[in-house]
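Take a look at this one chain, the form predicted alone, written out in structure tokens.
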Amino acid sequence: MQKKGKIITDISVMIAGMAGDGVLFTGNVLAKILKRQGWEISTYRDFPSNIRGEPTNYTIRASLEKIYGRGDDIDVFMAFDCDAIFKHAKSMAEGGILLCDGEDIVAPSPSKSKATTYHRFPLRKLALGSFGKEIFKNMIALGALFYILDLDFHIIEQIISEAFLKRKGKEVVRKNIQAIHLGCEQAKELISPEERHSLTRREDYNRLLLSGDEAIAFGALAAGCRFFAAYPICPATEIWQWLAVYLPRFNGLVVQTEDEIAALNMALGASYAGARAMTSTSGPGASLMMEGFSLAGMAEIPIVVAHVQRVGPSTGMPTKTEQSDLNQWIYGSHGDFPRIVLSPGTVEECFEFTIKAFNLAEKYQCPVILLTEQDYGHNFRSANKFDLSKVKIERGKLLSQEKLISINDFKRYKFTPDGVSPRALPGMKNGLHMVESNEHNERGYRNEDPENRIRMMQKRMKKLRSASKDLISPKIWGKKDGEIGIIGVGSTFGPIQEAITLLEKNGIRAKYLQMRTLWPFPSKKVEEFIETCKETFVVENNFSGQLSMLLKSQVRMSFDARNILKYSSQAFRPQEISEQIQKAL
């Protein structure tokens, strides 16, 4: 954030309290307001897996430039309890402002907070006194933020009406807007005009504000997905919640299953019948899917699985982010069979890669995994509207009835040069074939002959080589001639990008290789990148360095990559990456 008296180009606002205080709703409303005022938005929602009673915070970052993640500091802090202040005070920026609902708690000492101003703001007292209900405290808080940030009140009224009018009526809308006015008036009495962080206003240009989960769901719809089966599991549930609303409008079906075993198997059945089908899951659910995953490999059934990673093992921390399931999908299940693993690094890529996943699944008749994580699954980013005119549907060697009529001896698992066999749907004339989980011959009938086994294995695995031309290559960012190389995947995209800027300010030229296809591993591209680097760092959100181990196992050269790991359940901040690199050099 720029100092007072200058134009603000980047600002972070944190709202914190306990689960049940309305922190997430308040943050969502503020993010929408700032987006409609023309700012680029990136949110970070840090909430517990229980419904009420544990610490929750929501950071909304707004910038006049494109951003992909949270920043290093907090500029404005609205706390529903002062415990949150003591927990997050160290993240306050110089010149920041703190507001806290806690009249009997001593303000943080200067050693604990760099903020220049601190105000006790009696949210609960104001809500009970004016409305007789504590629930209005979050709207009063929003009113105070409206004053501090000099927001457009017309936009606030618009968003509150959208949130409550249809569900709760005009009276609820009126009271919430009244509460916002009250918060604004109280803030005027406490906060001087010099303390305000007035934000400029620009045209919104009809951009989107959505999470990675929503972008994946939107991508699935655009790709022609018409069957989706899943069991609720955080942080992937929002994918099927979105599709449950919109897929039926396009003659699609969403099924909530009894478990993840049923989810994948139902999706496989729908795909076998000809529908573009998908499921979603996270760590424990993926473990249950492994048998069905192998079935997809043996039966050569196209399927897309969106896996949103969270903290493990076991139930772990269901609402926190981590990147510790790479090995699960690259090496998981039993036996050798082709699979493709894609990892988007932006909301736009969540949409684009989902469409690509469906095309790859049908073109190469294998499972395709979209591997993302809670940071992108649950958090919102602003994005330009997706260009649906660029969406192309590729169904591979799926035969039409007209084509099948001309085939006298259809072989579902025919040996072909590229490993991909012709595919017919059940009930098509001349397309009769057997599909089962055992090893089989070209017609699908069980066959345990060693020579047949060798040929079938080679046929299936040949698909990975054939698919190489269609896979999403790694992308290089930053200083192309930089000697310091950084490799990362998924949601580390944003903090790595900003870390490169911080390093440049300290005279260090760095570049970043964004891994976008994890399997089949793009060995040659990675080797070419490493060869141009004096030092290489691998940034990832896990304890064991799974991406680093994957790199070392797949590149045909000796290199020493230094790991930058974080496994606290929190996403990286840019400064954490830049500081560790500077210390290592």
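Model, not experiment: these values are computed from the prediction. Residue numbers here begin at 1 and follow the sequence given.
Keep in mind that the form predicted together with another copy of the chain is missing from the display, and what follows is about it.
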Handout entry: Touches another copy of the chain in the predicted bound form: E171 (any heavy atom, 4.5 Å)
Key = no
Handout entry: Touches another copy of the chain in the predicted bound form: H334 (any heavy atom, 4.5 Å)
Key = yes
Exercise for the section: Flag Q328 as yes or no: does it have a non-hydrogen atom within 4.5 angstroms of any non-hydrogen atom of another copy of the chain in the predicted bound form? Expected result: yes
Practice task
Indicate whether another copy of the chain has at least one heavy atom within 4.5 Å of a heavy atom of E322 in the predicted bound form.
Solution key: yes
Problem - Answer range among 467 to 475, 67 to 75, 364 to 372, 435 to 443 for contact with another copy of the chain, defined in the predicted bound form as heavy atoms within 4.5 Å - result: 435 to 443
Problem - Partner contacts for 567 to 581, taking another copy of the chain in the predicted bound form and a 4.5 Å heavy atom cut-off - result: Y567, S568, S569, Q570
